[in-house]
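Just one chain follows, in the form predicted on its own, and it is written as structure tokens.
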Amino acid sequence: MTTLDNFDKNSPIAFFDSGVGGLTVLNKVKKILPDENYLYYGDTAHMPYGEKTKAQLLEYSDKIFKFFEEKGSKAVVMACNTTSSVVYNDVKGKYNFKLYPVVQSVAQILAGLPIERLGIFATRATIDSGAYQKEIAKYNPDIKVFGQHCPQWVHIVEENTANSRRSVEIIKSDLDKMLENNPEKIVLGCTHYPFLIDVLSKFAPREMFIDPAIDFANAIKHDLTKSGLLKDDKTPSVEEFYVSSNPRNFKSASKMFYELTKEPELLVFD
């Protein structure tokens, strides 16, 4: 069990995801906490997480979390909706850092929306877990939640093909299926999905779509502030990026999410 005096407030905040998608969350957190130090691990060798089993996700996350511990991280952001949905309850409290899961962190905010019908676009694992439905129901059981997985969307984003004819057809088909439920809002419940909003908004109002990373970033800042863990030295912010495969591809794909100044370091766990 960790206590606040275990933490060095000038240690990094770490993020992980199966690929570049988690950079959307890092980008938003850094905008409101520009002085912090940051770590990022993209588990590109196992992307996409949404098609993996719980046992696999537990194995991957355990190795990544132990690496973050070795790096002295004060907080770890589960930027990935899939791991937040599937393994958070199994891993919370097991490691020496504060842990922020995206789904659980934003559910209360979503539950407070003045609507009756909410759509969730996410990976298969997130939808199958029912995590969004369960967490939102804790605060507002009257909202009807419609979950739908989009099996091709992560690949479309990682391969930067969102504007190809085939990709637009896939995105529109998935959206049309969701719109049959008459949702008032639709959550883009995977860190990759906000980068499809330009395509999505060709077929539905842009304001219909919710990027939970915005509320998530504010929740992280609020909790670190309340816990007295904001960085207080005057040294410049430091960033470190790691991937489990294809550093060059990661740097290229990251351009639409975050501007990396150099290729991430290749780091493969035994």
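Since the model is a prediction, treat every value here as computed from it, not as a measurement. Residue positions are given as counts along the sequence shown, with the first one as 1.
Unshown form predicted in complex with a small molecule; subsequent notes refer to it.
- In the predicted bound form, the small molecule sits beyond 4.5 Å of every heavy atom of Phe68.
- Interface membership of Ser73, defined by any non-hydrogen atom within 4.5 Å of the small molecule in the predicted bound form, is ruled out.
- Interface membership of Val86, defined by any non-hydrogen atom within 4.5 Å of the small molecule in the predicted bound form, is ruled out.
- The closest non-hydrogen atom of Tyr49 lies within 4.5 Å of the small molecule in the predicted bound form.
- Between 107-115, 163-171, 140-148, 187-195, the stretch whose residues reach within 4.5 angstroms of the small molecule in the predicted bound form through a non-hydrogen atom is 187-195.
- Here is the short version: of Ile120, Val154, Leu200, Val77, the single residue with a heavy atom within 4.5 Å of the small molecule in the predicted bound form is Val154.
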